[in-house]
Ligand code: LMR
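First, one chain by itself in structure tokens, the form predicted on its own.
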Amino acid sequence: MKFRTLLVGLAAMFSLTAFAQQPIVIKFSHVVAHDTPKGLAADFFKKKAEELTKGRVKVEVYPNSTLYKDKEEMEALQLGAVQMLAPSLAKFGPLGVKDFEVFDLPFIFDDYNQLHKVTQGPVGKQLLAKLEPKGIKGLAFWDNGFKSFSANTPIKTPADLKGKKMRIQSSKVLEEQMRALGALPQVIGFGEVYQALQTGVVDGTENPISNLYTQKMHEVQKYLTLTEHGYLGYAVIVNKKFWDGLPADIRKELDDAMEQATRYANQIAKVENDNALEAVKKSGKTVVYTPTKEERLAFKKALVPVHQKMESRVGKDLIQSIYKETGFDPDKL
């Protein structure tokens, strides 16, 4: 009897030990292909997270909307059905955090150095903190790239876009941007843009070059002007309740893994855009034009007034805090 009791006790002890050794699972869902900058960065995070935690955490990456679709993933995260996402920054406006629409403002950043002063500095941390009342913990910003204008007619001045039907993401800021140019903003889903350009539903669009190339938009756009007037990026987020419930040492290791993944994500995004630009040029299907300093300044002068018009929507103090970080003074244009 004693022997049997001992066996039962040992079995229970081994069972508890085995249970204690079960890894913490993080389901990381995203809506793009695994070989895109975001997809590669998600896989990089998985690798680093599992290495640094020595297997105590297992990251399951679900690309291409295999777990949740674009419109479902945010609710799934808030409900705890998935632990981690990397949605585009445009997704936070509909969630009620309009501050993130500041990233849609044209020429709010001149280059990656200015951008990273914000996304990797105090302003970026303050923005991510605004997600917490929604049950979301913001971990990092990942780059996609800077947008440039394309159309079937040459674009050298703001007037060249007057009257053009230009495709945009759903964004009040981007609507105002196009109106400032005299263009007609058309909200069209990303997956439908190629056909809309091909059939003439719209005349042109704005994209980071990697998006333009991978979606083959350059095949149906004769001209591309490297205005680099706006930014597209992502925020890596987790379910706050899940994150807060992790052991402190695990959170520290995951923070380290995310820091490394962010450096990788931003590097790979720049490389992908540079490579895509060369590929567009080599295709011979699109004339690529680099505006002169004066020509780019003309676009900037035409578009920066959008900042003031959108103050009531995204927040005057937020815009001013970004100006302070980047050293931008609109009055000196």
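Worth saying up front: this structure is predicted, and the values here are computed from it rather than measured. Heads up, when I say rigid core I mean the largest set of C-alphas that superpose within 1.5 Å between the two forms. In case it trips you up, residue 1 is the first one in the sequence shown, and so on.
Beyond what is shown, the protein has a form predicted together with ligand LMR; the following relates to that form.
Ligand LMR is not shown here, but in the predicted bound form it comes within 4.5 Å of a heavy atom of residue 91.
In the predicted bound form, ligand LMR lies farther than 4.5 Å from every heavy atom of residue 141.
In the predicted bound form, ligand LMR lies within 4.5 Å of some heavy atom of residue 70. With a 4.5 Å cutoff on heavy atoms, residue 306 does not count as touching ligand LMR in the predicted bound form; it lies far away. At a distance of at most 4.5 angstroms from ligand LMR in the predicted bound form, none of the three residues 114, 148 and 296 contributes a non-hydrogen atom. Distance criterion of 4.5 Å from any heavy atom to ligand LMR in the predicted bound form singles out 169 from the list 119, 227, 169, 221. Proximity to ligand LMR in the predicted bound form, taken as a non-hydrogen atom within 4.5 angstroms, holds for one residue of 31, 302, 59, 269, which is 31.
Considering ligand LMR in the predicted bound form, the lone stretch of 250 to 258, 230 to 238, 133 to 141, 151 to 159 in range is 230 to 238 [heavy atom distance within 4.5 Å]. Residue 162 shows a C-alpha shift below 2 Å between this form and the one not shown [criterion: core-superposed Cα displacement of 2 Å].
Fitting the two forms on the rigid core leaves the C-alpha of residue 285 displaced by under 2 angstroms between this form and the one not shown. For residue 301, the Cα coordinates differ by under 2 angstroms between this form and the one not shown after the core has been superposed.
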